[in-house]
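This document starts with one chain, in the form predicted on its own, laid out as structure tokens.
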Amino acid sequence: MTMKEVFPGVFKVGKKLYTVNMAPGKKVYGEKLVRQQGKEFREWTPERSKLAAAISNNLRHFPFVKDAKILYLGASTGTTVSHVSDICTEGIVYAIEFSERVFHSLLELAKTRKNIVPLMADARKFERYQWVEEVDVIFVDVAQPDETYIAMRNAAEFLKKGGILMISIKSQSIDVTKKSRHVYEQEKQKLEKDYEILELIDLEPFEKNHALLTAKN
């Protein structure tokens, strides 16, 4: 079966997603590598990436283009960041991660992917990375009770006019007493005053109690 491009730089065969490997021969998290049409593709596993889960669940707005500038808050070991790096080949990904334990993996990733800038910092204290330029997209995956507030503060500082803010909401991190869909709606309402809500996608069955909220400023 041939690769079908579903978004710029994102390919699909059946239900499986792929990106073209920026660092041929190298895996990031044990993903499958496939050669086709003279290129090497990396399988993008939705169980390991909220963005891939959203695409698998029919995401409509995909702002990651070849020359996009991205601020990624909560980069962890770089699973999703690596695929964004594959897509935004002429852009840059500022990857913010607070945990020293997983930050080492980001540093290793950046050695073979020159469009990733790993920064160990707390997303609440953007003064530590104040020098970062204005970006096209902010992707937030920090699993904190005040995540939407953190996202909005960073967006006010770094997101260009007309830019896209994507928040991976983990309902259990915000309020364990409420049903997930109520938490998602609550977080959406926090954004509605200042942002145009583009879509809200439940990430089940790939990510339990998670949704991806996409908005435009």
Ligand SMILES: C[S@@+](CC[C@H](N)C(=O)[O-])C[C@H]1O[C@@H](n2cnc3c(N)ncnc32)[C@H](O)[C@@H]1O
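In this text, residue numbers run from 1 along the sequence as written. Computed from a predicted structure; not experimentally measured.
Same protein, other form: the form predicted together with the ligand, not shown, and the subject of what follows.
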Self-check item: One residue of His61, Lys160, Arg153, Arg48 in contact with the ligand, assessed in the model of the complex (non-hydrogen atom, 4.5 angstroms)
Solution: Arg48
Quiz item: in the model of the complex, which of the stretches 86-94, 130-138, 68-76, 109-117 has residues with heavy atoms within 4.5 Å of the ligand?
Solution: 68-76
Quiz item: Is every one of Phe98, Val102 and Arg124 in contact with the ligand in the model of the complex, taking contact as a heavy atom within 4.5 Å?
Solution: yes
Exercise. Go through 184-217 residue by residue and record those having a heavy atom within 4.5 Å of the ligand in the model of the complex; state none if no residue qualifies.
Key: none
